[in-house]
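So this first bit is one chain, no partners, the form predicted on its own, shown in structure tokens.
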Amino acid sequence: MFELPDHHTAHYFLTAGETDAQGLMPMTLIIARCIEAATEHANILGIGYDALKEHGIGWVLARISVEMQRYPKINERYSLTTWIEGLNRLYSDRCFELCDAEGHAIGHIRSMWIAIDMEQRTAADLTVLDLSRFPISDRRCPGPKPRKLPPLTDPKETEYTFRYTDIDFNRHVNTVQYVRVILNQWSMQFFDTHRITHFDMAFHQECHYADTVAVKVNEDGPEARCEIVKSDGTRAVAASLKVISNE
């Protein structure tokens, strides 16, 4: 009997067109690669999009926590390994390790994925897939688990309206587009002089095409915080950035 792999590794080369203004792998690409690797591994395990679609179920990213020691540079090769740390009838804890060309770990990512009923947009039950046959890795991630982010107090506020390029095939705002909106609340100078060491993001409500949202930022305290709030006052996304000076 074929043994399902408890981890999956993908290899990449960072091109000039993929880098940020500092010539490094941007946070948007890190999260996009994590989603890509998770999708590939889930497909191998038989719990990917096609398998779940037969039951009217889909995976939705609920939380992600990225901790980086350093970022891949332009023209650098790197790899991303992912594995399932925990799985139950409602959600999966999935981890990632980002390594340089020599195999040295330079970043760790933890994520939590929930299963939803694609029609009702409510929590789904994964036991229809016989979860006992899927491998849970003994490998552990040294990065901190995604955490709850309390509401902001006295934030600065701007507006943003989601457009066509923000939307994915599920007809809601793509995860990476949320990251773009959040990071764009800080200036070029900020990112020239600071490096993100830790990025937390939690998803609460979906946003859709033409939704106008409030983007709230609070820079007081040891970390920068951002929220995307819908017009009815519900929080869609919350994020936290911990940075260090490049100087």
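Small disclaimer: the values here were computed from a predicted structure and weren't measured. Throughout, we count residues from 1 along the sequence that is shown.
Quick note: we don't show the form predicted in complex with another copy of the chain, though the next part is all about it.
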Spell out, yes or no, whether the shortest heavy atom distance between I136 and another copy of the chain in the predicted bound form is within 4.5 Å. no
My question is simply whether N174 lines the interface with another copy of the chain in the predicted bound form - judged by any non-hydrogen atom within 4.5 Å. yes
Hey, in the predicted bound form, is G233 touching another copy of the chain, heavy atoms inside 4.5 Å? no
4.5 angstroms heavy atom contact with another copy of the chain in the predicted bound form for Q120: no
Only one of I167, L131, I114, A105 comes within 4.5 Å of another copy of the chain in the predicted bound form by heavy atoms, so just point that one out. I167
By the heavy atom within 4.5 Å rule, which residue out of H204, H55, R180, R195 makes contact with another copy of the chain in the predicted bound form? R180
Another copy of the chain in the predicted bound form - contacting residues of 194-211, heavy atom within 4.5 Å: Y209
